[in-house]
Ligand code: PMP
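Just one chain follows, in the form predicted on its own, and it is written as structure tokens.
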Amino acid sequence: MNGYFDCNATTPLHPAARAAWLEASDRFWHNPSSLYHGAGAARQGLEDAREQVADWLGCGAEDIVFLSGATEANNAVMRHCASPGSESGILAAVSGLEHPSVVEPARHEFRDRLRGIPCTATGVADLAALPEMVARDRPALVSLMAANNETGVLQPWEEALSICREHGTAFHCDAAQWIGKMPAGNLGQCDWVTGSAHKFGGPKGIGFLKVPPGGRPLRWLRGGPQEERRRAGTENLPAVAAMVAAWAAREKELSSAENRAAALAARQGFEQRLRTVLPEAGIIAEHSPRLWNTVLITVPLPENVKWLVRLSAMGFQVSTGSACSQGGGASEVLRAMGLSTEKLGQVLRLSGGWETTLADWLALADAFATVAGTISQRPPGLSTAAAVLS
């Protein structure tokens, strides 16, 4: 982990998650939907996990659905809320900061019925016009993430929830980057909440969806009666157990004020060192409230890919932005924040984890200084591929 700074993309499997996965694979290998004794034990293990997730979120266990992760969950929410019989209006309002797994299904399902929530240049959703829009248009759904995966900026999701509550509008919160880094207790008040285990030390391919109690039943994947008929398919109990174990480990970290302070101080130590060794670098949304683990920076020319390659050769793994946006062009989030085309090609995202120490962060800052001393600007006419290899 000491050179790994891409935790917002994925995290290594926590030892407690691995142990839980192996134990559940041995003890609860039966199909939880079968009727004999061994299957009953598997069913009980699944329901215990559901109760634990509900306790952390502050909602009822019957509101928790296990599925493959936030992408599937976000698709399910958009499909459900856009379908005939939706509880409220026909529109949806989605912030300009959302992950592609929210934006793309929202565009597909709502099409010309989709409305945007703007953001400020500091990376925070601007809710000034939301009360009037919700009161006037009565949208079927308002969606705002808890924390941005690129900038790390914490979003005013509780304020958005309050606005929606006042007008009887359903509210969805993508909490993939929040869970395991920030307290989860108030999230259960949202109608819809989505999360992915691999963002906080759990395995890939498992996550949860918190659904609103009552109302029109969710019918996502059709087939068997699993998950109260809300998501067909045999439940992946070992992965669920591993997710819960990883989440428990993160909750323990969050319960310690000393741990939280140390994690934030480590990131701040990096920023201070970076300003000294590479004053040309910029920190995007520097003065906005951010996750303790995330720094989005702009590096001097040449483009960010060349910096990434040089850092990787030194043993430091960083990214040029969201892994789910790679190959899809420049970040829509950063465009919404008003970054210039030139700056979009100079962005690097650095995201550590609970195991990342101050020494790790400072070593990364010093690596930037080393690269700065060796990297050269790309001569006019030289292709990006050739520049990366140079």
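Sequential numbering from 1, following the sequence displayed. Nothing here was measured: the structure is a model prediction, and the numbers come from that model.
Not pictured, yet referred to below: the form predicted together with the ligand.
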The ligand in the model of the complex has a heavy atom of only one listed residue within 4.5 Å, and of N149, S95, N293, Q155 that residue is N149
The one residue among K306, R230, H198, R260 placing a heavy atom within 4.5 Å of the ligand in the model of the complex is H198
Of 244-252, 141-149, 120-128, 295-303, the segment with heavy atoms within 4.5 Å of the ligand in the model of the complex is residues 141-149
Does the ligand come within 4.5 Å of any heavy atom of T169 in the model of the complex?
no
So in the model of the complex, is the ligand close enough to H99 to count as touching (4.5 Å, heavy atoms)?
yes
- With the partner left out of view, is G321 within 4.5 angstroms of the ligand in the model of the complex by any non-hydrogen atom? no
- Using a 4.5 Å heavy atom cut-off, state whether A176 contacts the ligand in the model of the complex. yes
Across 287-302, the residues having a non-hydrogen atom within 4.5 Å of the ligand in the model of the complex turn out to be none
